[in-house]
Structure formats: structure tokens, C-alpha cells
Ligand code: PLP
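Let's start with one chain on its own, the form predicted on its own, as C-alpha cells.
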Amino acid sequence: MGRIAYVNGRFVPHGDAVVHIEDRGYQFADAVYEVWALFDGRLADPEGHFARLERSLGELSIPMPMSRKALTLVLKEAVRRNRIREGLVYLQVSRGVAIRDHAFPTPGTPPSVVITVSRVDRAASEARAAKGVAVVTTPENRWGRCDIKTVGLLPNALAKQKARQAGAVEAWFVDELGLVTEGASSNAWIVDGDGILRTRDTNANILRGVTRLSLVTLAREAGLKVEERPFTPQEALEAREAFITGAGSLVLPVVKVDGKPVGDGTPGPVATKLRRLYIERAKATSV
């Protein structure tokens, strides 16, 4: 059985899934998205992702396409039809289809909704986490509302390509003050020389990561000190550990920044422990 996608009320073969050429998500990046990790066929961090979806839509004055309860049922049905237990669920909601004009279309234009489900090889993910990954830095060049999870990701795509060409898996944006904001598709963390976990505060121009928020809570429950305080690339190199978080990466140790080792160049105990704790909590609270 091939992959199945959901497009505007219909489940269709993935290869036949299309949106209208004048969908505003395609023409203006006038759309938001969310990504849930799947553990044993269930959605991880459900409350955080739904809350962020509703906030992103509200910030752009795009109406929720359906109730949270109805959307949950559709997401779960997409998972069931794809027969995927371990993976990722992608949801995109655009302002809808209208004659191309920069201003918003006529009130009442229905949003467009697309859902896809993809498989994740958890064994491969664990092997990568055990080895650690490299990141590169790149100048911050995104718009001023990165707190909204929009599909306008061209700077992120260019940063990811820069990372790939350097043999890394992620790029960290660095602002005009020389401080790391976040990754192209993740939040950035270090464990500094005093053993304090540091990550950029959400008053900065960063995405309010759902995995990030869960990890702040988990780390504090584990007795670790967490400070929402920025760091420089040099501080990352001088740190005991570094790692990234996100729905796809979960908690992923970073062992190199711009080709130079972090700590002893191997995944550290804090990131390793937090990855285990996060996965345990995600499995226990998924829906």
C-alpha cells in the first residue's frame, strides 16, 4: 500500500495529492505548518503543537480549518491509513485559494489543509544520536516574526544546504550581536562550563519550540539548572556539551561547530540523559 495524503477533506494517494495553483501557500508562503513526532502511532507533545498551531494561525488571522477535536481525528486517520508507527506527521494550513492579490481574499475563503505522514527509522536515529552531529554557523537573515511557524523557509533551506555541503546536519543562525538564535529547523542548546543548560529566550526572534519547552520542564524536574540566556559560537565550543531539539531531531547531541570539536568531541551525559527522558515522556503522554 502506498502513502496516503489528506488534502482539503479527501484522503488521496500521495502521488495524486495536489493543491490549486492559486493557493496562497504556494504563491505567497501565506500558510503555517506543524510537525508531530509519532511514537507507536501516537502524536507526541499534542497540547504544545495544537496550541502553537492555533497561535500561529491567530497571528496571521487565518481561521482554524476545523475544531481541535476534529483535526485530531483527521490526523489520527492519516496515521492509520499510512500504517506508520514511528514517524512524523506534517500539517499545513494556508489562507486558501483566491485570485492572486497581495491583500487578503474575500472573508469566508476557506483555508487549505494538507496532511502527510512519513516514516522514521528510530534505530538509525539512535545511532546518529550516539555518534553526535556537526553544525555550522550562518548569519541571521530571516524575517522578524520567526515566532510564527510559517512555510516561508527559504533562508532556512539555504542554511540547511550550507550545512549539508559542509558535512553537517544543521546550521545555527547568528545575529548581529554574534549570538546564536536557533537552528534552521531546531532550537540550540549548550551545557556551559558551570553545568548550566542555556538556550535562547523566546523574547528573541526564535520559534517557540514545543520540544524545547518540554525539555525545559524535564531538565528542571531532573534537577538541572536551565537559563534562557544566549550564547556565542565560541561559548558553544568552550562548553561541556551542545545539542539541538525539535520534533524531528528530538534531543540530538552536537559534537562539532564549524568543524571544531565541542568538549571532547563526543556526545555528553546531559544530552544523552535528556534524550532518554524526553522519549520516555513523549511516549507516555502521546495521543
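When you see a residue number, it is the position in the sequence shown, counting from 1. It should be emphasised that the depicted structure is a prediction, and the values quoted were computed from it without experimental measurement.
Absent from the display: the form predicted together with the named molecule. The rest refers to it.
Engineer: Applying a 4.5 Å heavy atom distance criterion, does Gly96 contact the named molecule in the model of the complex?
Structural biologist: No, no contact at 4.5 Å.
Engineer: Would Leu207 count as touching the named molecule in the model of the complex under a 4.5 Å heavy atom rule?
Structural biologist: Yes, contact at 4.5 Å.
Engineer: Decide whether Thr109 counts as a contact residue for the named molecule in the model of the complex under a heavy atom distance cut-off of 4.5 Å.
Structural biologist: Because no heavy atom of Thr109 falls inside 4.5 Å of the named molecule in the model of the complex, the answer is no.
Engineer: Heavy atom to heavy atom, is Asn187 within 4.5 Å of the named molecule in the model of the complex?
Structural biologist: Close contact exists here: in the model of the complex, Asn187 approaches the named molecule to within 4.5 Å, heavy atoms only.
Engineer: Heavy atoms within 4.5 Å of the named molecule in the model of the complex: which stretch among 82-90, 193-201, 209-217, 119-127?
Structural biologist: The contacting stretch is 209-217.
Engineer: Out of Leu252, Leu38, Ala247, Leu57, which one falls within 4.5 Å of the named molecule in the model of the complex, going by heavy atoms?
Structural biologist: Selected option: Ala247.
Engineer: Relative to the named molecule in the model of the complex, which residues of 143-162 have a heavy atom no more than 4.5 Å away?
Structural biologist: Residues within 4.5 Å: Lys149, Asn156.
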